[in-house]
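As a starting point, one isolated chain is supplied in structure tokens, in the form predicted on its own.
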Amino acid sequence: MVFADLFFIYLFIPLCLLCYFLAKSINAKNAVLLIFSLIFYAWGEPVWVVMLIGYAYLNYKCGLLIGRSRNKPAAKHALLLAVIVDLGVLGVFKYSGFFVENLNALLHISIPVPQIRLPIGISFYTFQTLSYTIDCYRNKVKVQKSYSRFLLYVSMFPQLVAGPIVRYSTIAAEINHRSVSQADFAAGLTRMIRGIGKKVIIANSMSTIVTGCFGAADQGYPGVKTVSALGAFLGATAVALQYYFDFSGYSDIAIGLGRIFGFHFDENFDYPYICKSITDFWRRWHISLSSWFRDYVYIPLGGNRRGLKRQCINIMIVWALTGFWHGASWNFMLWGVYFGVLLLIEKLFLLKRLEKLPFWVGHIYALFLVIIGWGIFHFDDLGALGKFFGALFCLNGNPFSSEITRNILSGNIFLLIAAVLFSFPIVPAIRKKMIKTEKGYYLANSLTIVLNVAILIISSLMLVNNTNNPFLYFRF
């Protein structure tokens, strides 16, 4: 089941909300959420829901053992067991085929390549369970003694399959005690509808530009070799906008739904395309993932406490892992290393110089490099990736521009302008200015209601004939 689906919007959510608000006690509300979360996951993953339950049980028991054996060897053994099993299961499902394929190519052997379907959301809930057991060991959170409440944390459907990566410490208190005010419900509903609009209206429309420039992935990107240089850059820009509106749209829906049920998830995106450096970009993009690698990989490796050489090594390790987390493909590794190198360059000397320059210089510099990075991210076939760079710099014998590129640009110019504008905090700035007066406050709220209705109607109409509408981050 996916968020951008008429069944989810008009049947699953209303039924869930009805049962939830009819429930009186917090235990009953938690039970409703847990049942609907397991139904949500089992809807598309009927086999792997059992693994999800077992995954949660193992980490729950390890947490209990850590709590009972504080400062004893058993606590460390429990932590190691959780880490080994969590990462081991993730490795088998996500990376076994990749390693076997590369081993066959390297040694010229023919080991059968495992054909294992990746359970949806495993990368996200693995990191959630890991953060819980590690934080228990560090004594940063209290051990959850109720398995059902811990299972609710792991399986909660708003953030289960594509994040944000919600740490137990963020919602520990709200699992036991929470309330939903009228303002919370309204803000959550608005956030959810905005996320649906981002995905259905903008992200899905961006995908047509990407396909027009490069061709479809399942057809081997047939247009990537002959696309003009301007078309290659236009396609990469569309990829950047598509991923932003797709993933931030999902995060908006998750955060909004959480708010409706009384949970306050941390922000996952902070208008990353207003960045003035690559460092600034990664403070704003997929914040829950960046902060996870910072707290559970970078800092344990030594962080900034050691010498500059060691810091540089730590940064490259983190970014190689960040790339690999996104998928078992060499382009993701290249993508991670690409940004790792850029961050190193900024750390060593460039960032201080950028801070002295006008904002627009750093902004153009950062956006250009980010767009190139999304080109690397998009092409999981290295041959197609090479052709992309060849097209981008006119090395394929292709022209700077072409009639096809001009037609795509002219046919989608208003969509592109709208996408660019909405990727900047223009709407929040207008609202902030309006609500300074009482009249403006009521006008802003009225406009919000009108926009919510319009977005929901337009999104629903666009979903009528769209039966397959997964979010891009489902495959990670």
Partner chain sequence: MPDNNKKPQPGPNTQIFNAMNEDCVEMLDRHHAEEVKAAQAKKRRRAQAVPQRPVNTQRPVVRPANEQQPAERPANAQQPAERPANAQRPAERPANAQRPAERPANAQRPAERPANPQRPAQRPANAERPAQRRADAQRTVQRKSRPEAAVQRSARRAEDAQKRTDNAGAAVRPRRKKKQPKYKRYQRVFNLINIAACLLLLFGIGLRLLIGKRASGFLQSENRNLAEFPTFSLSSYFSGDYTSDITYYYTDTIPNREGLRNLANKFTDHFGLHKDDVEIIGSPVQADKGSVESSKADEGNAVTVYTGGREETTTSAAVTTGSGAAAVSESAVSSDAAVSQTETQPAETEPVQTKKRTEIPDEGEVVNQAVIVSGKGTPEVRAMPMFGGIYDVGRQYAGVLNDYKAMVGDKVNVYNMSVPLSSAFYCPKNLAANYSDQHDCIINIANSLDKVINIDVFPTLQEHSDEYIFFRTDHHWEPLGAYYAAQEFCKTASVPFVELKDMEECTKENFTGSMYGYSNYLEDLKTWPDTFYYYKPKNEYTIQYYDETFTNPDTSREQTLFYSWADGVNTYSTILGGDLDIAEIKTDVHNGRTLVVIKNSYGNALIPFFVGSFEKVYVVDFRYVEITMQDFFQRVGATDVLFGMAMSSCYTPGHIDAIREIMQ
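Computed from a predicted model, the values in this text were never measured in an experiment. Residue numbers count along the first chain shown, from 1.
There is another form of the same protein, the form predicted together with its partner chain; it is not shown, and what comes next is about it.
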{"property": "Distance check, residue 265 to its partner chain in the predicted bound form, heavy atom within 4.5 Å", "result": "yes"}
{"property": "Any non-hydrogen atom of residue 183 within 4.5 angstroms of its partner chain in the predicted bound form", "result": "yes"}
{"property": "Residue 271: touches its partner chain in the predicted bound form, heavy atom cutoff 4.5 angstroms", "result": "yes"}
{"property": "Residue 283: touches its partner chain in the predicted bound form, heavy atom cutoff 4.5 angstroms", "result": "yes"}
{"property": "Within 4.5 Å of its partner chain in the predicted bound form, all of 194, 448 and 461 (non-hydrogen atom)", "result": "yes"}
{"property": "Candidate from 327, 97, 223, 373 lying within 4.5 Å of its partner chain in the predicted bound form - any heavy atom", "result": "223"}
{"property": "Segment assignment from 354-362, 212-220, 154-162, 297-305: heavy atom within 4.5 Å of its partner chain in the predicted bound form", "result": "212-220"}
{"property": "Sequence-ordered list of residues in 247-261 near its partner chain in the predicted bound form, where near means a heavy atom within 4.5 Å", "result": "255, 259"}
